[in-house]
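In the form predicted on its own, a lone chain appears below as structure tokens.
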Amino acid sequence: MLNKIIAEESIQKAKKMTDKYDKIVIVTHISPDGDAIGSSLALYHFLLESGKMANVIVPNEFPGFLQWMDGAADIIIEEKSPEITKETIEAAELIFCLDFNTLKRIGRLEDMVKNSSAKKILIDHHPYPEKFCDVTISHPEISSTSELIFRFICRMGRYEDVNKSCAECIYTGMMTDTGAFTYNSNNPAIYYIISELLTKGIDKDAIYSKVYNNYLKDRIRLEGFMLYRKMKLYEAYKTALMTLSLEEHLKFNPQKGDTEGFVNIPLSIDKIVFSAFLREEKDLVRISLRSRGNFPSNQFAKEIFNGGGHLNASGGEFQGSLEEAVKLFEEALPRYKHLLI
């Protein structure tokens, strides 16, 4: 039996809105990952099962290793279909905002969602949510937004409406946001939920294979290049850093999401507690941080790169050159040495 983390008042308000409105839109953050797509498609299948007209809208493309999920082909991608996106949001009576805590995280969807007259419900697990929704369900202590979707459905008394497709999406989001249950995954409730999803007919081994054993050859070659040429160890700080310039990335026929998971790899090295991956894009440097134990990667992200996230998984952005970002990272390490135990 799951503990009732979500406040009853929030459940009842959200349930009333979900029951009342038929035209429902689900939006998630830019560069959507497994939890963003998993939670969005899980809610999508639940709403369809409930007889609703539902659409998932994302700001830009998502990785190919997530496109096997049922319903992925129906997702509206704003950068490809701006007019359809605009029309769909304008027609919405209810908007679910999933896996983001601030409107700036949805890119060009921000103004459309903010200016929409539709009721809005936020379901998210990132800290410090902005107040832009009629109902806010925010629980940073929960491992993934997909887990929150499962809890939300069950608390509404609608577990029977979780079909196999919905269950597969929930499991995918939970799995990817915990590194295949290797961090942020010590809560026994996670494994209770997995057992419930298994009763819906999911094949968790097949899902793992579709996500983690489904890469293109260029991605594997890029990984080898990163580990051999681009990984630097700061042994005095129990830290690893990998960097990737835009020019270097272009040599490996880049695909959306092909660097996903790279930041986790150095944590398999003995005594490495903190891992960072700095990837140059056209107008910024994207920062991914991971840690083991109690080292607060989210504190580092917030204080150094104006980012955020969770204790062991966080990130941020840097407006400047890759070299400047590396310098900032290296200069900051001594300030955190006392935490790197």
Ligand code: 5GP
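These numbers were taken from a predicted model, which means no experiment stands behind them. So that there is no doubt, residue numbering starts at 1 and follows the sequence shown.
What follows is about the form predicted in complex with guanosine-5'-monophosphate (5GP), which we do not show.
Note on the partner interface in the predicted complex: the residue among Lys119, Lys256, His249, Arg105 having a heavy atom within 4.5 angstroms of guanosine-5'-monophosphate (5GP) is Arg105. Of the residues Pro59, Gly308, Gly64, Pro296, just one reaches guanosine-5'-monophosphate (5GP) in the predicted complex with a heavy atom at 4.5 Å or closer; this is Gly308. Heavy atoms within 4.5 Å of guanosine-5'-monophosphate (5GP) in the predicted complex map, among the stretches 45 to 53, 66 to 74, 285 to 293, 268 to 276, onto 285 to 293 alone. Shown alone here, His126 lies within 4.5 Å of guanosine-5'-monophosphate (5GP) in the predicted complex, counting heavy atoms only. None of the heavy atoms of Gly34 is located within 4.5 Å of guanosine-5'-monophosphate (5GP) in the predicted complex. When guanosine-5'-monophosphate (5GP) is considered in the predicted complex, Ala313 lines it closely, a heavy atom lying within 4.5 Å.
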